[in-house]
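Read the single chain below, which is given as structure tokens and is the form predicted alone.
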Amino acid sequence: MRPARAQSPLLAFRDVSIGYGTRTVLRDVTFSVKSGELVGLVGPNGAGKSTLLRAVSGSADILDGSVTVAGVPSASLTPRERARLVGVVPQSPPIAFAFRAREFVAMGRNPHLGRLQDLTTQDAAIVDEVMELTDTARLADQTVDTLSGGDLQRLTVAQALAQRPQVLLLDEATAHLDINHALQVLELVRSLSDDGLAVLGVFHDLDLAARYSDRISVVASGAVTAPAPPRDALDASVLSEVFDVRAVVRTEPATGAVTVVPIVRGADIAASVRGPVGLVCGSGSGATMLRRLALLGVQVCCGALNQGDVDHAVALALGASVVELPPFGDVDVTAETKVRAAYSRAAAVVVTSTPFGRANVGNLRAAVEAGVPLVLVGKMSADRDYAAGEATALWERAVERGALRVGDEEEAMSAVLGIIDGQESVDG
């Protein structure tokens, strides 16, 4: 987390309703963006993210409340005054007339020039600087109507930076860029923000939003949430409610940024009317089966899992039941009793390929003692049993009691669905 800055906001919305003419798109918007801060906007298509930016740039109507830029009411700014304060990188590059690239970028200096005034030496130096920063200097003599959409988008970023704004608005500014240049632009914007620029940006990619934003607001159903740190703004419940996507939200170890891994669309999950099925899993060994069973409408109980475990996160995202353990906590007697009770209500329990140690062997013991059909995936060997032989003994006991042994997850799915169908046939 970057250190917070105490100065007054450069961009502030106070009880703002925004729209076009008599049509209101967003209501009661209140938040601010300070110098040195990048606030990301995410939300479904058509929710009003771009409209929020247009309220600052002057192309959407402020129907109620106030928007201030650098302490000045936006409504009182002339177009030239606004352009000195606010730079805009639109969602789509502008129509590419046959200007040379350097001339196109130099237009960003127009708000600072007098009528018919040529660029000064200082203006020219600013143009050169921003073209170097955006890797567009090599395009200087090419005409913009011959450039790719990605090159034109980077020139548009350069033009906005040439304005030397205090506030920068990004409307999916990397949508037309390959991953290399998208990261280049966002790293540049992040650096400029750290140096004092206030940035409000619309993001389509939730991972990029989480990686580069200090705080994130969610735009949905005519409202804008108060900006919050990425971990809080993009939790699994928000993604489910706003985007109808079941996702795992985790911290990416290489960068320390929040990452969002979509698992399945909510609309694709069948109503949970079959099962339940128990899973003995952990460390991602049950993630794929969890998803497949959810798509088939099979209820799942996952035993005891630690907070932070991959299977724990997937189970919560998909609505499977879990006996929750603290990070690195053991399956103690209390947890094991709860797990055994849950497994005893299952049509069958699948023991996935997860290894066992003292911390989690209680899940296996609960499954063996639950008194329901067991499906054992793979073989028990020394590289799976780190519980001083206890897991092996439990496995052998399960086999003696008639547990079905299968080679892989595909066979396990077929077996457990066969058990469910057989029970439903008998019940029918």
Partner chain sequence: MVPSTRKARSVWLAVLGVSLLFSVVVAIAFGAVPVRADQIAGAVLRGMSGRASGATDAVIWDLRLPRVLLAALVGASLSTAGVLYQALFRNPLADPYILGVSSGAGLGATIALVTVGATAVGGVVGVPLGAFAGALLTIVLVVRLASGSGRVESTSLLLSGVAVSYTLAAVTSFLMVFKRQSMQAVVFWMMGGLEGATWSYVAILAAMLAVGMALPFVRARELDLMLLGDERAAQLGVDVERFKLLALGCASLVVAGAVSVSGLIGFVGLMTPHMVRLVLGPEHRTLLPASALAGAIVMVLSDLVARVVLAPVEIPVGIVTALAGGPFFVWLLVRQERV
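Numbering follows the first chain given and starts at 1. Predicted model, so just to flag it, every value in this text is computed and none were measured.
Another form exists, predicted in complex with the partner chain; not displayed. Remarks below refer to it.
Shown alone here, residue 79 lies within 4.5 Å of the partner chain in the predicted bound form, counting heavy atoms only. Contact annotation: residue 104 falls within 4.5 Å of the partner chain in the predicted bound form, judged by heavy atom distances. Interface residue remark: residue 90 is counted as part of the site for the partner chain in the predicted bound form, having a heavy atom within 4.5 Å. For the chain shown alone, residue 97 is a contact residue for the partner chain in the predicted bound form, at least one non-hydrogen atom being within 4.5 angstroms. Screening 347 to 355, 209 to 217, 331 to 339, 105 to 113 for residues having heavy atoms within 4.5 Å of the partner chain in the predicted bound form returns a single hit, 105 to 113. For the residues 321, 184, 272, 143, the 4.5 Å heavy atom test against the partner chain in the predicted bound form is passed only by 143.
Listed residues 173, 83, 298, 258 were compared with the partner chain in the predicted bound form; 83 is the one with a heavy atom within 4.5 Å. Residues of 155 to 187 lying near the partner chain in the predicted bound form, listed in sequence order, are 156, 159, 160, 163, the criterion being any heavy atom within 4.5 Å.
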